[in-house]
Ligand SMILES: N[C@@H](CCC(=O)N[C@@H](CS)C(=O)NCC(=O)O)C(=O)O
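Given as structure tokens, the chain that follows is alone and in the form predicted alone.
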Amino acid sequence: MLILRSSPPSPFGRKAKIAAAVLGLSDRITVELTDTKDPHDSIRKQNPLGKIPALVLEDGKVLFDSSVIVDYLDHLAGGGKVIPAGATRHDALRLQALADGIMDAALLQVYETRFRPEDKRHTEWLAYQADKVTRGLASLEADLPDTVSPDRTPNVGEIAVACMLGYLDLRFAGDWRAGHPGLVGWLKTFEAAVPAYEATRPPV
């Protein structure tokens, strides 16, 4: 069995779990809860960066970074599925990069408020990260991802966008929704087409 080190709130871990589900690989993966704040958690030995997700292979080798993990899962499933071959490949990877960048910026805002006392928080840094999220969402709203349907495997970029929006719902009370009706509708369609999205929804 493959072992996926993750935690329910992680949008990057969710991306790996949804990819595994749509590729038909969920039954080959055990998800192992991980506490990255715990210095005794084995994640720091498995991934020297101490970050999730990390995928422990059957030979003990560990892959980390969600984009690497999803690429491996796509290869395991025969290739060209969530990471398309041909002309649309880099469109999907570019979309993933944008969604992942928004997730990174959102996470940095969460960490700044979670780990620093209020009087030591860097407001300019928070605004800098928030502006990345604002620009990224505006770009997606202006050029929505393709609509996902039940008869088409979503690509890695579409999965990443859905996980990013889910994370903004979780950590920022869905504030993004008011100004992005196109993305709201897109996510509703994705959720209906991909049961793994609901199955991996983190607890509030």
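Each residue number is its position in the shown sequence, starting from 1. Worth saying up front: this structure is predicted, and the values here are computed from it rather than measured.
This protein has a second form, the form predicted together with the named molecule, left out of what is shown; the following refers to that one.
Colleague: Would I52 show up as a contact with the named molecule in the predicted complex if we use heavy atoms at 4.5 Å?
Modeller: Output for I52 is yes: heavy atoms within 4.5 Å of the named molecule.
Colleague: Given that the partner is absent here, does S42 sit within 4.5 Å of the named molecule in the predicted complex, heavy atoms only?
Modeller: No, no contact at 4.5 Å.
Colleague: Given that the named molecule is not shown alongside this chain, does S149 nevertheless sit within 4.5 Å of it in the predicted complex, heavy atom to heavy atom?
Modeller: Looking in the predicted complex, residue contacts with the named molecule do not include S149, since no heavy atom lies within 4.5 Å.
Colleague: Are any of the heavy atoms in D169 no more than 4.5 Å from a heavy atom of the named molecule in the predicted complex?
Modeller: Close contact is absent here: in the predicted complex, D169 is far from the named molecule, nothing within 4.5 Å, heavy atoms only.
Colleague: Within 4.5 Å, heavy atoms only, one stretch in 131 to 139, 43 to 51, 173 to 181, 154 to 162 touches the named molecule in the predicted complex. Which?
Modeller: Going by heavy atoms within 4.5 Å, the stretch is 43 to 51.
Colleague: Going through 1 to 28 from first to last, which residues have a non-hydrogen atom within 4.5 Å of the named molecule in the predicted complex?
Modeller: In sequence order, S10, P11, F12 come within 4.5 Å of the partner.
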